[in-house]
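In structure tokens, the next block holds one chain alone, the form predicted alone.
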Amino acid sequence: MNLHNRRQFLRLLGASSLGALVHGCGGGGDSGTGDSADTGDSGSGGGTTPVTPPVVNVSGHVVVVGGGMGGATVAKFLRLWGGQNLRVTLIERNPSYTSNILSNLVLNGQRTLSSLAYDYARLRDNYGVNVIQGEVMGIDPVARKVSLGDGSTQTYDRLVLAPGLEFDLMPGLTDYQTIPHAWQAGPQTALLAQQLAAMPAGGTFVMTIPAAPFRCPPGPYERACVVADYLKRNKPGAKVIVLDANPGIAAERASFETAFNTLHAGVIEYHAAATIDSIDPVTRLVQTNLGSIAASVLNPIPPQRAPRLVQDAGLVNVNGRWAGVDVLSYESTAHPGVHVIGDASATTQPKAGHIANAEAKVCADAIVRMLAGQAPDPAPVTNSACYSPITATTASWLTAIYHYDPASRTMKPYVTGEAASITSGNYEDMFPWFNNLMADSFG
């Protein structure tokens, strides 16, 4: 089976998702700068009939740093497509990954963090990925070497970085230990849920939204809706104040305008173009261009950037925040041999879990081609998809499919769609979509 067949397979992965009603997550693509219940190992995460991927036997060692949606997927598909002589090592500091997708449902008690956790046993046992739990301390892109905290090193032929992102400190804060952003599913999510449960009736939940691009999911407008629905049922008289740095709702605008102005009218108070001057972590007073706002529970979602590891390796070259990449292969525009996928990279696609899954497949395909002495696929396709819970029983969705545009050398959406209405059917469909996407990445 040849590389042309793999290209057709990757196109199928992107295009099939729309027909399978896989729907998208907004969070803002970088400006310059992933279903049905099918769980086949080689499925797209879009609910398609499993396809046996072509295998090209290449040799070499690919090191993957970061075991989230992007890192797990690229490691798996490199092993599936690269043949038995391609060694793949995945380095991740944590023993498991906790999904940001659906993590807002931890806040209202509908999900637990443990139900969103995925380990790396199947990547190791089913696909032969060498999984190392450790901390990467440095990258030498010239010597093609990564250094770990235990003093060991890993040399590579190709390096894939899928490190997620880091969060800026907002003015007045020194950390997020007591005033959590909960934008990485984990202990902060549990803390925010505890703070909501302890919030008095008639209290105020204040959340801030940074200027795009930002990670989504967890979606900020979705979070406002989930919290508002919880407060209506458990904290009479309470309200949600949303302070959005963007000029307006940045994703699923029709759905969230309906949610804010109809379903949650009188509970959600939304302010666009809000600026945060300072936050007092003791009094929970937020100084803004709208004046001083007091919070019973405060959830500041900060601006985001590529992690320091990426910065220190000299890979951050877009707006001082993101790693520039060639989206045909996700190879760094700063250093050859290094690929950056997911949240840390600068593309025109959202910073979303489904997109990280799709980027990982394009990257894996490109690396196998490059190790075989060939050029990457000149026409990759990706898709961004997610559902957004609006209440404890209803949801909306959004989808976008991206094609490579050779003129701009970017990925451009050529099909987009948004739920016509907020329904219980969407809510029911959300869980098999999620399960299939996670199986595609970790199963």
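Predicted model, so just to flag it, every value in this text is computed and none were measured. Numbering starts at 1 and runs along the sequence shown.
Beyond what is shown, the protein has a form predicted together with a small molecule; the following relates to that form.
The partner is absent here, but in the model of the complex a heavy atom of Gly134, alone among Gly337, Gly134, Gly248, Gly314, sits within 4.5 Å of the small molecule.
Contact with the small molecule in the model of the complex, judged by any heavy atom within 4.5 Å, is made by just one of Ile367, Val74, Ala358, Ala352: Ala352.
Residues with any non-hydrogen atom within 4.5 angstroms of the small molecule in the model of the complex fall in just one of 201 to 209, 151 to 159, 176 to 184, 255 to 263: 176 to 184. Using a 4.5 angstroms heavy atom cutoff to the small molecule in the model of the complex, all of Gly66, Met69 and Glu92 count as contacting. Taking the partner from the other structure, the small molecule in the model of the complex has no heavy atom within 4.5 Å of any heavy atom of Pro300. At a distance threshold of 4.5 angstroms between non-hydrogen atoms, Asn108 is out of contact with the small molecule in the model of the complex.
Taking the partner from elsewhere, Thr288 is found to have every heavy atom lying beyond 4.5 Å of the small molecule in the model of the complex. Taking the partner from elsewhere, Ala385 is found to have a heavy atom lying within 4.5 Å of the small molecule in the model of the complex.
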